[in-house]
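In the block that follows, a single chain appears as structure tokens, in the form predicted alone.
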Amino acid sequence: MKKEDTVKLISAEGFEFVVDKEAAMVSQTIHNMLTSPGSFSERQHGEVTFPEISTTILEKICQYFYWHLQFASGKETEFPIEPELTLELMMAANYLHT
């Protein structure tokens, strides 16, 4: 896979997740960061840092991106969410417009 086909998402703790650009584009916020005109560093470097999103939550969000690509076409499946992550995950999903 080519570097331009991936995006690096960086958590508050500095952990890096390299995901397919198509998967990351599930998030409207990430989509806007990577496609907006201008010379934004996210677009130039293919990296997005989330200083307010923990590694655990960002990992779950990355899992959701891939789940969405696979199952959003109509299959009736649920995305598993651990109860202890619910509040933090909802806040991150709201920010990411996911």
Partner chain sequence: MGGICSRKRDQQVNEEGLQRVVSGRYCRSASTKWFRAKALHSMANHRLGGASRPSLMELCIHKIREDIDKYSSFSILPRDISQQIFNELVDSHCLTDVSLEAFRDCALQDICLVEYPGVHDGWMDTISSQGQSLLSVDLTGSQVTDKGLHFLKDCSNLQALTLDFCNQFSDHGLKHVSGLSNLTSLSIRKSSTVTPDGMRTFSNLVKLEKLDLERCPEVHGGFVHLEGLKKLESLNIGCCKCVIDSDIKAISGLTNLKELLIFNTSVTDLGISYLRDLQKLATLDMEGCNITAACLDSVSALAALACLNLNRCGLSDDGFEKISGLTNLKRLSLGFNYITDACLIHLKGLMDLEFLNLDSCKIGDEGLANLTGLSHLKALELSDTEVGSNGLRYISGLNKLESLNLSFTLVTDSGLKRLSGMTSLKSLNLDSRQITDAGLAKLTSLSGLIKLDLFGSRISDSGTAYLRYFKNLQSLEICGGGLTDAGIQNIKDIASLTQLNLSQNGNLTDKTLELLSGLTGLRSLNVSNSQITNEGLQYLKPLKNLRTLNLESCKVSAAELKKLQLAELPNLITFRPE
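Positions refer to the first chain, counted from 1. Bear in mind that the values here come from a model prediction, so they are computed numbers and not experimental data.
What follows is about the form predicted in complex with its partner chain, which we do not show.
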Each of 12, 16 and 36 within 4.5 Å of its partner chain in the model of the complex, by any heavy atom, yes or no? no
Counting only non-hydrogen atoms and a 4.5 angstroms cut-off, does residue 23 reach its partner chain in the model of the complex? no
I'd like to know whether residue 97 contacts its partner chain in the model of the complex, with contact meaning heavy atoms within 4.5 angstroms. yes
Should residue 43 be classed as touching its partner chain in the model of the complex when contacts are defined as heavy atoms within 4.5 Å? no
Might residue 66 be said to contact its partner chain in the model of the complex, defining contact as any heavy atom within 4.5 Å? no
Just to make sure I understand: among 78 to 96, which residues lie within 4.5 Å of its partner chain in the model of the complex, judging by heavy atoms? 78, 79, 81, 83, 86, 87, 89, 90, 91, 93, 94
